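Shown below, as structure tokens, is a lone chain in the form predicted on its own; questions about how it binds or moves come after it.
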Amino acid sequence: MTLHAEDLMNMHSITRRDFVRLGAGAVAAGAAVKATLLEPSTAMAAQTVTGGGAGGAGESTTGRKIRFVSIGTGIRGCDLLRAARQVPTGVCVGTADLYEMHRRAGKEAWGVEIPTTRDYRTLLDRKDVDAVIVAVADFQHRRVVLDAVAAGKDVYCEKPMSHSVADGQAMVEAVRAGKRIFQAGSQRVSNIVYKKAAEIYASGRLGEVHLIEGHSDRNTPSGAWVYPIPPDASPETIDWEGFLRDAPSRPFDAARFFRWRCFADYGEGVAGDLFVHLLSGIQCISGINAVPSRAYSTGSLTHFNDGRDFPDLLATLYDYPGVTVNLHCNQNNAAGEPIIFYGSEATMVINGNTLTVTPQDTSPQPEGYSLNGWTAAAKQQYLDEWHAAHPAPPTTPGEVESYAAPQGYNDTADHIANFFRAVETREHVVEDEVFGNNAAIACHQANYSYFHRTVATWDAATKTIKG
């Protein structure tokens, strides 16, 4: 169907906020738009949209339920548990966290009384556990993943996959040696809008794409990880020594426990928290599953200069095979989080759960500007010859296309559903250990370049970042 801007405003699939953020000038100008509501095909389709259907990733082919545990029930761990409740193929049978309130919050997020513990290793000892969700601080990923793989469990690990290049390589090797299913937790890879974008990209309709741009910006203390400290936070309620395992020893510091993304001992800053989503989305859509050959960063720590290590403004240029990628994250201005693919035939913008494709006008046109230095006779001769060589009228660019997920769509549920299905079938997942590691290394390159004030190159032979 063909719609105009006012029609889009009334579509239940696109909210007013989504419309404002479409990013297509043609839409804002009232141009005709072909709008399509995408149909979920996995967990959300089975649970909330279509009432179910055979063979989706949210359904088991054998009736088996994947029994999983969540290691980490803080912010993201609870989000994952709430999303997993929408996936009928999984059942949580236990959780672990270093903080008492997190353990209680995890039970509330799952909605059913389940065993919980401080020591995650007791969960790995259980023979009835198929899979593990790892939702701990970045620097703890390596140890927990390696322990889980050694215990014969499949692993869903939150992004970024690793805290260092060495950590990532160790995880890749362990997953492969153990023949485990591994999925990194950048959920956009399973998003139906991103899958549509990947389909369009692969079709060649965008033409030659040599520049991709993305940013993810915020303008609140929460967006900069200045999270409130719970009133009961203390060495009695938090296993501080357990938290510091694999990190430098220091006295109890609640701010470091709850705001760990700010500190290099535990997190990866805006690169690991925000760049990784953009990078994973770009890898998924473009099919470029590789480490960038070079990365150059600049930025600053100004607005949130509160003792943290990482900048609150980071901009990085990446060299991928045939494509330059330009990313930035700014914690002092909320400008949304689009990814833009600049093609010779069309421009594709993905923003939230909305995708637009705007064709470029590539019809031949006679030269204009440079003829201002020609004589009138020479100009007329050029124009006569040009029109004789181009008798056909200029083609009209195709209409703008817009795609959107239905309101209420939850790509995290789809991502978890894809993981559970892979655990059952042993089939490959898109965001496997190699995919996740490549995205994480790009984050490490961004930080390396920023802190060393140099171009960060990737040495594939030694699997190291060099300046």
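Each residue number is its position in the shown sequence, starting from 1. Bear in mind the structure is a predicted one, so any value in this text is a computation, not a measurement.
Just so you know, the form predicted in complex with a small molecule exists too; it's not on screen, but the next bit is about it.
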- Query: Taking heavy atoms and a 4.5 Å cut-off, does residue 138 contact the small molecule in the model of the complex?
  - Reply: yes
- Message: Is residue 214 part of the interface with the small molecule in the model of the complex - any heavy atom within 4.5 Å?
- Response: no
- Query: Should residue 282 be counted as a contact of the small molecule in the model of the complex, where contact means heavy atoms within 4.5 Å?
  - Reply: no
- Item | residue 90, heavy atom within 4.5 angstroms of the small molecule in the model of the complex | no
- Note on the structure: None of 201, 110, 99, 318 but one has a heavy atom within 4.5 Å of the small molecule in the model of the complex; the exception is 99
- Proximity to the small molecule in the model of the complex, single hit among 310, 341, 240, 260 (heavy atom within 4.5 Å): 260
- Task: Specify the contacting stretch among 388 to 396, 206 to 214, 353 to 361, 73 to 81, defined as having any heavy atom within 4.5 Å of the small molecule in the model of the complex.
- Result: 73 to 81
